[in-house]
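Next up: just one chain, as structure tokens, the form predicted on its own.
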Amino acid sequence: MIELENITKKFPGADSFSVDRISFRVNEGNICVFLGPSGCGKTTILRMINRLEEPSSGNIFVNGKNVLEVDPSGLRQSMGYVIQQIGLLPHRTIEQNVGLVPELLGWEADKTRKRVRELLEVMGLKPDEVVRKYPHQLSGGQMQRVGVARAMAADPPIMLMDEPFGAVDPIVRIRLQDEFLSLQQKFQKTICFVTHDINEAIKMGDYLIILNQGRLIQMGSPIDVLTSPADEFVLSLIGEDRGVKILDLTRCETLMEPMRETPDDLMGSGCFVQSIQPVKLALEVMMKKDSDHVAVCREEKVIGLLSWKNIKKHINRVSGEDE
């Protein structure tokens, strides 16, 4: 769990605060997305969490411990950090890049090698083809995958991700988003994710922190922000097609009703979707199966039920109509 308590940051010589009295909490196992225009304080907040930047005032707690009282080097080694520029060391092989943090932590060579190959496979790369290559020999999408693998190498419970998919083309970006959400379903990391792309924020986030000029404007789930924008700034940020975004970008798990058991006829008839799939797909399944609800699964386990009534309720909230 990460908690910021009245954090401020003012750089030397600046006329105003880059981060101005911000407080929020990121729950364990959630993806919290920092969203806003360039210069709004997103990256500065991320860098204060692992003390690459020191706050001017306020406190930051990680699992109840004040990070300002923790050794910065040890703190950073306990967190994965992924940036848009990837940051791979050009003179080191892919194997050496991914194994960097385990090496710093004193892991045995065999254990590190095994972990590197395991992560490369998880990220959809063939270890035998890439471990001895250098970063310049890979495509942008491959380097992005290696960057995520390196951040996960020591199995950190917390990951900080600064525009991690921003350097690749749109098609590869969508694929990387999907793959990462699938990994998150399995590993349940606590993630702070920076983006300026509203579509990416809605798709990736369990929780959104919307910033402007260093101030926190709104925080809440993607569906809360879509249906109840705090002001004109947030409304302009999310765009006019809010109803479409609910269908195309909102994960099924966001609108489902949690439940432990689901009627067998739904599963047996194929009337189910995966939790990270978009609501639009759930509607397509409902139409195909002539049903007004679908089971929502996380891998092989049913975790909830998504109904047309619930989807309609949220669309109506966006359009301002009665349910």
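Because the structure is predicted, anything quoted here is derived from the model rather than measured. Throughout, we count residues from 1 along the sequence that is shown.
Below, we refer to the form predicted together with a small molecule, which is not included among the displayed structures.
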query	finding
Proximity of residue 175 to the small molecule in the model of the complex, heavy atoms at 4.5 Å	no
Any non-hydrogen atom of residue 307 within 4.5 angstroms of the small molecule in the model of the complex	no
Any non-hydrogen atom of residue 43 within 4.5 angstroms of the small molecule in the model of the complex	yes
Exercise: residue 84 in contact with the small molecule in the model of the complex, heavy atom 4.5 Å	yes
114, 215, 133, 196 - the one with a heavy atom within 4.5 Å of the small molecule in the model of the complex	196
Stretch in contact in the model of the complex with the small molecule, which is absent here, among 63-71, 250-258, 292-300, 35-43 (heavy atoms within 4.5 Å)	35-43
